[in-house]
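There is one chain below, alone, in structure tokens, taken in the form predicted alone.
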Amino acid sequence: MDAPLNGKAASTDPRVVIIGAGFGGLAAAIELQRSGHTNYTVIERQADVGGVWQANHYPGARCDVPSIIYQYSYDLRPDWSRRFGNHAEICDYLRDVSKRFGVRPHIRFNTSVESATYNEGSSTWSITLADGEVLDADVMICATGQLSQPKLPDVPGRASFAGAQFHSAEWDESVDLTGKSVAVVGAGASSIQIVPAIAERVGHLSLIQRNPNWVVGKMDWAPSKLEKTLGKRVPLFLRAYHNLIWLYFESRYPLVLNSMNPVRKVWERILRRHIAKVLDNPQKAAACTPDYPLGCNRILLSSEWYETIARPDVSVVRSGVAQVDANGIVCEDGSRVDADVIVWCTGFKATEYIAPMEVTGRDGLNLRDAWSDGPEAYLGLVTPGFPNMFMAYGPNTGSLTNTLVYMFERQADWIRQAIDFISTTGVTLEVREDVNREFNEEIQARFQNMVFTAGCPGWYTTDSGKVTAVWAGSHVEYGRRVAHLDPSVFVRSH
């Protein structure tokens, strides 16, 4: 093989810029801090840490993964108010973590990145901020997340609506919903939390959903006093509880394989009966029953969703939005929904991983052009043409059946190993094109044996049907594949 590694003179502590201070960005910063790499800066556009949790503060916002595993494994908190932590608790946890591990002084808040350009002569990145300041870095880590850019539908007349309207990720606290007619568009993860949280307050709630999601019961409860006491006083108990729940969720991975279709069909039949029984209304039941396989889209958790839809002051329309006028929404099926307030629960631009930044790599290659057929990266961490650029929560690393935090920790460790290598050798690391191609061909081939290619709606795939959001294997497999940095997968940047 050709000499794979070359570059600038060795640096004892490369300059690192981390973009984003959510779970992924903080995991990378903590890993660097704990390993002695202190020459790093974290850029965060929000006023505090938290990423998607800092941005999403809508009514009912709560985690849909048990808090015992939705936290860093090296910093377990024993006193969550319920099994699934709420928005405020998660933000407090991340804020405390940033202080405990000494990364907070490295964070620049209320700062946005406009663009990043790779300089081939110096093998560095020039990162331009919104105010025009330029930061130079030897290494750039993009931890902007998949769910950071709200997506509003491009429908005629949206600007003509006379009432208040906003995206769920940009909740307007100044709008009083009491007694109002509220239209909620979309039935994803935010909608199933918002609708039950506001139904008691509003005068009438209309849910407009083109494609209903599969929703299963959420086993949530407040931990007992004994459980909290053991968690605080017996670290081994907390660790064992964390590991047990993690293993339980990991054991669900086979459910996404096509070989499990018989099991999935039985589960679907049970859920259809439950929907029909709780709603006790043929129109509502038809509007809330998915027509695609369970698991090919995100399975949502709620024990209040169908009970709320069953209320007489809640109506549901199974249709898309055709247009908006001053008084409300005209649906694609011809029906009309008048409203005082519209809440757009229409998700995020999940395939625009590093948007809205403009990222230009080697030979002037723009990242959007490089990903014109859909985003892809080796192990979801590095992509050809962009030397010394790493990603947290990159393409095909979304968690399906377990916790994303595990993925963030493993990714942070792999990136830290790469920075160690850069630090000791002075090289510039760029993944080989053949390595990236073979990896992504393998991943896409594996998806053909999984439920995600069943043609269901959602953000896991691009318009062309390429699965880009989720990981194709178990978390154990991902951890094994990123456990040790293999220098042979890299080549010299030109």
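Predicted model only: the values in this text are computed from it and were never measured. Note that residue numbering follows the sequence shown and begins at 1.
Keep in mind that the form predicted together with a small molecule is not shown, yet the notes after this line are about it.
Within 4.5 Å of the small molecule in the model of the complex, a heavy atom is found for not a single one of N258, C296 and G455. Residue in contact with the small molecule in the model of the complex (any heavy atom within 4.5 Å), chosen from W214, F348, Y306, Y118: F348. Here is the short version: of A187, I419, L205, I141, the single residue with a heavy atom within 4.5 Å of the small molecule in the model of the complex is A187. The small molecule is not drawn, but in the model of the complex it has no heavy atom within 4.5 Å of V451.
Although the partner is absent here, D48 is not a contact residue: none of its heavy atoms lies within 4.5 angstroms of the small molecule in the model of the complex. A residue is said to contact a partner when one of its heavy atoms sits within 4.5 Å of a partner heavy atom; P156 fails this definition for the small molecule in the model of the complex, lying far away.
At the 4.5 Å threshold, heavy atoms of Q411 stay clear of the small molecule in the model of the complex, well away from it. Only one of 223-231, 320-328, 411-419, 120-128 lies within 4.5 Å of the small molecule in the model of the complex by heavy atoms, and it is 320-328.
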